[in-house]
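Next up: a single chain in structure tokens, the form predicted alone.
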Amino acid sequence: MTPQAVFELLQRQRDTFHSGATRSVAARRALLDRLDAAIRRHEAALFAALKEDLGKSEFEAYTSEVGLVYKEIKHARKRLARWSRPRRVRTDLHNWPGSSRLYPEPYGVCLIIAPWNYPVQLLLSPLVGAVAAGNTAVVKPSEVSAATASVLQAMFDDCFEPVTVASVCGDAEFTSRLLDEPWDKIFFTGSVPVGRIVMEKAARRLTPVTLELGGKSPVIVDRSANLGYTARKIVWGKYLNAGQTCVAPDYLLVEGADRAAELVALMRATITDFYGGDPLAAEEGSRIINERHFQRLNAMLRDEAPIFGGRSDPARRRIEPTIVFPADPAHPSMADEIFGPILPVIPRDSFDDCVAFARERPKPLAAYLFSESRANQDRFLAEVPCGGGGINTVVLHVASTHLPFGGVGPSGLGSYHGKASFDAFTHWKGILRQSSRLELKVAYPGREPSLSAVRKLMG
């Protein structure tokens, strides 16, 4: 698509938005229903594409992608009328007589850019919020997950008129050109370096943005943790989608070298239990998305032999679940977000050391604690900044329609899921309404009351 074609598409969507066609609750519900129906019609094709791109089984494709979108649609549709009502708030005494309300106003024409690791969920979940809020939208699937992008393109062509919701495809250069257009809202999910570019381009037009980025999400395991339970939760969350999950455990901080060794032994046994004695030989299993990322991950393991795993299958771009222990904080896997099935385990002398280590690093998208100590749980919540996370669990907070999901600082800006998705694509404008039938003239020039009286009223 040429820059001129993109500009014309944006203008047609802006005309549609200004016509009011997407604004009524009935119209929003109808669009959500059409999206739901289109996903169901293309579900088998989406499963096949996710298998081709990432090696996902149908079970994983449904539970981590398609099923979550159905859940978002159902949640939004049920609550849409309530979310869309103006909210009455209190009116200050000095503004009487009058009434104050917040009115939800959709931004207008929105751009949604999705990544390749969960190419269905991370494109369609934000779209649910954009449509529920009354916007038009242009969505950009990732060209890296090419098979899924192709199915999504066909699905949108089948589901929507381009003047309401349109899908566009292209490479990084095309995406850069997209960002130069005058959008009313940009929603981006992806890497931190690209997030900076998105924010810089949006800043030129002062365009509102939501950035869902990443970072190195730590897991702290203290001495009170139930290690068997902890091992199972961490192994599941870390190696889901071959570790290509933005909120996957990125590294472990374990209180005590003895407890760290015990946990590693339990995780090794759990990996064998979950994936068999030879994970690379299994027919089912997620793969690394492309050759560049496959080589990047293998390079992390060249300088130091892992304690477990580390083998790879170049023909299928698969790397078996890998544990590096004891990991040096200077190990290559600790430099940037891993985004793969490699887990560094770092023993620390105390819980204080674990907290300090996590806190000294950039604020992550997620952080997790495994502990039976309420005091340590309270300290974790108070002292370890992050976008979100869990206590005695990993990853699952992102599957909730009742918890806002988003990063902070270098891991993102803004949040979504459930009501937060509606709010991400809505400007709540505050309106004070007064009647012309009763005019208080005390603040007009020449009629001001004494300053002492105003202090009592406003102070």
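Model, not experiment: these values are computed from the prediction. One rule holds for the numbers: they count along the sequence shown, beginning at 1.
In what follows, reference is made to the form predicted in complex with a small molecule, a form of this protein that is not presented.
With the partner omitted here, the stretch from 375 to 383, 194 to 202, 229 to 237, 254 to 262 that lies within 4.5 Å of the small molecule by heavy atoms in the model of the complex is 194 to 202. For the residues 320, 72, 212, 222, the 4.5 Å heavy atom test against the small molecule in the model of the complex is passed only by 212. Just one of 117, 135, 125, 371 comes within 4.5 Å of the small molecule in the model of the complex, counting any heavy atom, and that one is 117. The closest non-hydrogen atom of residue 190 lies within 4.5 Å of the small molecule in the model of the complex. Among residues of the shown chain, residue 341 is not one whose heavy atoms approach the small molecule to within 4.5 Å in the model of the complex. The shortest heavy atom separation between residue 142 and the small molecule in the model of the complex is within 4.5 Å. Using a 4.5 angstroms threshold between heavy atoms, residue 170 counts as touching the small molecule in the model of the complex. Every residue in the set 246, 365 and 405 has a non-hydrogen atom no more than 4.5 Å from the small molecule in the model of the complex.
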